[in-house]
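Take a look at the structure tokens below, where one protein chain is shown in two forms, each on its own, as structure 1 and structure 2.
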Structure 1
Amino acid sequence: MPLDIDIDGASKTFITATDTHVHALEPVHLKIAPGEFLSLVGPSGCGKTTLLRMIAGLLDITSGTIRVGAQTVTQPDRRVSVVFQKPTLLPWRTILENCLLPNLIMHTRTPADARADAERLLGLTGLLAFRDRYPAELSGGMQQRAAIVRALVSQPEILLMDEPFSALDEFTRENLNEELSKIQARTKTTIVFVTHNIGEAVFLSHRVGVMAPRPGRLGALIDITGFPAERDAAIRKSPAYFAKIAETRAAFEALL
């Protein structure tokens, strides 16, 4: 069952080796509904990844609180999976073995159930025929698809994604956007997605959070309405898509 996220005044200040205080993120107030796809866009240094890591429990919160479901975030939560910029697959394990690794560690499901779900998701992402291959035998895009499958096999109630497609070519990136939209529409997983790409954010999301730097802050929220739950390439040619890109860009420019 998907969970909500309640960010109540969460901020982050880093202290350097010279005892200098760096305000990386001003207090953020944001509620993310169960099953929502929210993207965070903005330039480097605006706190997107900092906020994502705070939600994941990978980074301490300086002030305020973040709640996942009924639980306040103080450490990593097995209900939350993270997909990073690089696939981080284990090179000595096959694609299927990599996908089953979280369940091997956490034992949240029976091995048979986990394998059946992994093979279903590999089929959905076009990787079933490659399940016995090793990561080095796959392209970068295929490896990233496998990393997404690995994150989903544990049936997370929240999926956090930190620029997972940034290193891919545009065609592969667009194909993976469509696959991710399909998966999210069917699983109803709550997703927070970090990207620099406004078009990608508009294509994928129910809402887009626009962030600005110096210090990092959430300046605007854009509702993305009028698109089907499972989004396809035709949307990228629609006037509504370009209108939302323009609206999001204008919101960002107003924050500078």
Structure 2
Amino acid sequence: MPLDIDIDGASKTFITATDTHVHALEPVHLKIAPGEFLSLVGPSGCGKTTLLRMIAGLLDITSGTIRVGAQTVTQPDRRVSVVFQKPTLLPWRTILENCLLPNLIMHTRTPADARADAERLLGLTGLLAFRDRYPAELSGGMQQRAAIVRALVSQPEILLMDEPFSALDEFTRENLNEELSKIQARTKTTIVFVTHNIGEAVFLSHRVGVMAPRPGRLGALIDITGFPAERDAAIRKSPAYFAKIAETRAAFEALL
């Protein structure tokens, strides 16, 4: 069952060690539908990670509330899986063992089932040959792919992804964009996807949230309509794609 997310005026003010207040994020109002793919784009420091961590229950919300399904967020939720900005693989576990860690902790699936799924997803991301290697033996991009597999193996109902593909080359990124869209279309997982890349956001999303810095805020929402649920490479050549990129860019410039 895909879940919805209701962000009701959630804001974040950090109080630093020197007692200065950093307004990282102005109140955000945003409803994300079950099964929606929503991207957040914006320059560095505009509060993307902060918003994602608050949804994940990893960061206290200064004011307002966030609801995931029927649950008000006060702590992490096992139905929500996070792909962090860094791969965050445990160095003493092999790639496959890392991918099976969520299931060791949450026991949501049988070990055999989780293993079969992990191997299938590692194959899909070109990592099957590396499943018994340690993270240090893989490139940064390969590690990040493994982290995505790890998040998917736990079959989350909500997937929060913080710039998961920013360390990848253009070709791998486009490939994985298509795979992610395929997976999302099939599983109907609600995805909140943070990126710096407007093209990537337009390609993947049902909606794009445009964020702006100083103070960090959600400025505009762009609907991406007219594309099939499962996005394919041809979309990147379509006029509609370029039009949406231009529209997003314009929304972003209007915020400065």
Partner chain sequence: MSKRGNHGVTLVFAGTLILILAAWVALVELEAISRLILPAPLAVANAFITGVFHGVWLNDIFVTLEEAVLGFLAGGIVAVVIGAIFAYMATLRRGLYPFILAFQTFPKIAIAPLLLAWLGYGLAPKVIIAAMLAFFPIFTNTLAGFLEVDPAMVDLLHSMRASPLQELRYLRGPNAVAFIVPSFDVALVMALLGAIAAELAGAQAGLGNVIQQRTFLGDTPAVYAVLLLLALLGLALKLLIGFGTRRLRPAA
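One-based numbering along structure 1's sequence throughout. Fair warning: this is a prediction, and the values are worked out from it, not measured in the lab. Superpose the two forms; the largest set of C-alphas matching within 1.5 Å is the rigid core.
> Determine, for this pair of isolated chain forms, which one is the form predicted on its own.
Of the two, structure 1 is the form predicted on its own.
> Through how many degrees does the small rigid part swing between the two structures?
That works out to a rotation of 14 degrees.
> How many Å does the Cα of residue 115 travel between the two structures when the structures are matched on their rigid core?
A shift of 3.3 Å.
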